[in-house]
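Below you will find one chain, with nothing else, as structure tokens; this is the form predicted on its own, and questions on how it binds or moves follow later.
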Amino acid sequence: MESGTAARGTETNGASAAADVIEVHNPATGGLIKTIPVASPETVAATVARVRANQAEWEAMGIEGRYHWLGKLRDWLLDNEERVLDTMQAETGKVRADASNEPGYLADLINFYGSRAASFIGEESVRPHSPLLASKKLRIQYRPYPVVGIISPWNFPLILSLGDSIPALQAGCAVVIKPSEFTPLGLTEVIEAWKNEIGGPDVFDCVHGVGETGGALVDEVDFIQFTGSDRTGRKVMARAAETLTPVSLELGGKDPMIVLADADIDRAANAAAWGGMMNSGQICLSVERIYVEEPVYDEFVNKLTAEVGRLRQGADDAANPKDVGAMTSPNQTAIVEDHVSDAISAGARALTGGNRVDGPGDYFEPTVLVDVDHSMKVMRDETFGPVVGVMKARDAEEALQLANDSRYGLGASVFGEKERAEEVARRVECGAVNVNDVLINYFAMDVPMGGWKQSGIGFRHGEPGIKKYCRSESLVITRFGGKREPTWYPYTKTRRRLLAPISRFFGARDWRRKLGLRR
């Protein structure tokens, strides 16, 4: 199994030629940062076994006890934010402004699940539907999967590893993460802090490697959370099926934006520029394809092109901030270059950008393409780079049809007069739609985020985002009764004559209405 975290849609991995080490490079400069050892399948098995042995005690702490330790992790992240950002910026090539989103998001997520876990996964009391169960007390408790394995990508190395770990840990699971071989350093720093600075319970660890390591993790754990390409997601699911291990898969998107004729065009153009170019377009929720109603198409394209053309690209620091950073994976840059080249050869035009940048580091110019159509890769496949394609639509119906013409269904956005835009948004075929905004749904953690179609299975955030890490256990408790229940042995004609009419009354008749309890 390839890792799926080295590049979205490619089987090339980021390990060095030596099978037992990974070389981590700075994408902004090309320089070597560090070499780290690869975990063998035996090491993976031993790591999972170790945290599994401690999981029962972690579960027994209860929701508040676990929140106590996650609160310490939150405080460490905030107290060491600059240190974390330095590491993350070095291994990803992000600009500082993009990297700075991660610690704050994680702190907020810890607070969210710490304050809501009791209502989401606390024990439930259920009222019996039938008087025949009046003597029974019905309860549902939510028990954690003992060990959750997380295979995370390189585009947000903390949000998409720790962000999936936090609800799992809060639910009572032990967690082992295999981060991307391109960006393992920031997560390792946090895990080491959990162990040595925070002194947290030994239920949280990571293992490093490529495909073999990821496959070994799938084999050992009780639940898998995977984020990466849809192709690798299928392989993860197939591997997990061998042990009937449940999975949650976030497999990317080709997120559309619809711009209606009554939209605020300045806001829509500014949103498209940020939503398409933020983190160099390396976001599963990035705006990648835009459909604009004909009356405002030219105005929108002109304003979008001007906004994108003003973006500053390169390695930044406090004295010299930039807007768009490097591509984190050279393999992904090759995919972006291929998509743009394919589109231009088929008749598309690049109004700005369109080229790989020469020099140190790995950069692709922020690019706006027009004269595109759905025969082109750039409008069909996940580009995952700083590129947007813009198409003219006759009306809202055609824009909606084009937006839904995709094998992906992760996110979308609609810009226009609020009521009309909301009406269109409700018909987009995806897991989350923003009205007059972009990307913000990821930070609205009160509601679930998950993909339709080939964008995945399962949800992050909201109640489903923690409940997926639990198994429901129903408790039916008899509160009173004699030596025997009426339905137990021995079967007699007398009992049958007594029970049959009662069963028919409550099972085959609307008894609530007959007794005046419902109209």
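Remember, it's a predicted structure, so these values are computed and weren't measured experimentally. Residue numbers run from 1 along the displayed sequence.
The same protein also has a form predicted in complex with nicotinamide-adenine-dinucleotide (NAD), omitted here; what follows describes it.
Taken together, the three residues G93, D255 and M327 all stay farther than 4.5 Å from nicotinamide-adenine-dinucleotide (NAD) in the predicted bound form, as judged by their closest heavy atom.
Think of it this way: in the predicted bound form, nicotinamide-adenine-dinucleotide (NAD) has a heavy atom of just one of T367, N155, S406, Q170 within 4.5 Å, and the residue is N155. Proximity to nicotinamide-adenine-dinucleotide (NAD) in the predicted bound form, defined as a heavy atom within 4.5 Å, holds among G186, G389, G214, G163 only for G214. In the predicted bound form, at least one heavy atom of G228 sits within 4.5 Å of a heavy atom of nicotinamide-adenine-dinucleotide (NAD). Among heavy atoms of R460, some come within 4.5 Å of nicotinamide-adenine-dinucleotide (NAD) in the predicted bound form. When nicotinamide-adenine-dinucleotide (NAD) is considered in the predicted bound form, V236 lines it closely, a heavy atom lying within 4.5 Å. Taking non-hydrogen atoms only, S180 approaches nicotinamide-adenine-dinucleotide (NAD) to within 4.5 angstroms in the predicted bound form. Of the candidate stretches 190-198, 244-252, 265-273, 349-357, only 244-252 contains residues with a heavy atom within 4.5 Å of nicotinamide-adenine-dinucleotide (NAD) in the predicted bound form. Counting a residue when any of its non-hydrogen atoms is within 4.5 Å of nicotinamide-adenine-dinucleotide (NAD) in the predicted bound form, the one hit in 424-449 is M449.
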